[in-house]
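Just the one chain here, the form predicted alone, laid out as structure tokens.
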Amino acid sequence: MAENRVDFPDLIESEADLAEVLSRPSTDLVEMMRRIDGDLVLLGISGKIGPDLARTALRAIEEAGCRKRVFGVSRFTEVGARERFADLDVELVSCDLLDPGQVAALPRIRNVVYLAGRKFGTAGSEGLTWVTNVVVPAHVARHFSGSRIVAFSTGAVYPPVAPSSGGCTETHPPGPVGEYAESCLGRERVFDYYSRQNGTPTALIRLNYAVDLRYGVLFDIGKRVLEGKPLDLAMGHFNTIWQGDVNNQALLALEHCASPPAVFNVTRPEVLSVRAVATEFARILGREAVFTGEEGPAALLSNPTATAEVLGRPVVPLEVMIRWQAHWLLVGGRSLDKPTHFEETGGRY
């Protein structure tokens, strides 16, 4: 792999600056765009990841000097959903992925990134979560059987493990806790079935806690410290990764799709302590970190060593993410109001 850029700004002052940093394509991604055939479609593009993932792909295509169309599929029901893409050369397509007839009308694109899913609000609406996370993938996998599919999943499909273990590798048996995580394993099983049935090259992205300053586990920890609110230590350890690194690794996975599906743990390698990270935020923010409880014996942790050998290592280090996040909180940077609930130990979201 080529040596990827590591020129980080000292601080991120605005959403325009944030979008620029989040969407920087790696050298590896630019080179891949020159090699890989076909156009690209992002299914579920209007979620929190979609716009910056699309921007990353477009920048990589432009820098590669190749011609590829980028499509974005969503219901676009939220106010302003389409306007978020006004400055991007993305061909937007309205589609309810729950409707097999609407899915069947979508153009068949060679490269598919599947972003659709449901997490928050699962408790009390379990049926909707299961339909969204399991039935929709079946519609998509059948329609795009001749494509490459990169499907976002979650590290929550693994069981909690001791922090000293270094986290679950891709070969660790699943052990989801709670209906949300169980439905995510169901999503994986559906893509696995159709990949084997139809020979569809597929990759599963098991993501652990992406950070983009407007949301993420670092936002949640830093905000609690800034507001003087106590942090529950029951889930005392975690992994995290910069969303820009996620964007690059997910798109690079298109070239490593396989049947049966390839599985990638997408996160940074450090097993992080909630107590230690909160204490560092307290130092930067000039606050005192307040804790309740004690660290539990296990946590949701992934080991990305094998993934790094294929997709490259994340380039934004933890200390940079914490510095950026602390400043974002101090200047009142916008929140997406999507807490991770990283402290949840029973799998209820």
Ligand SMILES: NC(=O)c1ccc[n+]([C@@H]2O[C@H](COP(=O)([O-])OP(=O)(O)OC[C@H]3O[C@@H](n4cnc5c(N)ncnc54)[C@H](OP(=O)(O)O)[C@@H]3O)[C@@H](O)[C@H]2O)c1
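Numbers follow the displayed sequence, beginning with 1. Every value quoted in this text rests on a predicted model; they were computed, and no experiment measured them.
Note that the form predicted together with the named molecule isn't included here; everything after this is about it.
Heavy atoms of Gly312 never reach within 4.5 Å of the named molecule in the predicted complex, leaving it off the interface. Though the partner is left out of this view, Ala258 does not reach within 4.5 Å of the named molecule in the predicted complex, counting heavy atoms only. Contact check for Val112: no non-hydrogen atom falls within 4.5 Å of the named molecule in the predicted complex. The named molecule is not drawn, but in the predicted complex it has a heavy atom within 4.5 Å of Arg187.
The listed set Phe76, Phe219, Phe71, Trp130 contains one residue whose heavy atoms approach the named molecule in the predicted complex to within 4.5 Å, identified as Phe76. Of the listed positions (Pro163, Gly117, Pro269, Pro176), a single one reaches within 4.5 angstroms of the named molecule by any non-hydrogen atom in the predicted complex, namely Gly117. The three marked residues, Met33, Arg142 and Ala203, fail to reach the named molecule in the predicted complex, with no heavy atom of any inside 4.5 Å. Heavy atoms within 4.5 Å of the named molecule in the predicted complex map, among the stretches 248 to 256, 147 to 155, 275 to 283, 228 to 236, onto 147 to 155 alone. Annotation for 23 to 50: interface residues with the named molecule in the predicted complex are Gly44, Ser46, Gly47, Lys48, Ile49, Gly50 [heavy atom within 4.5 Å].
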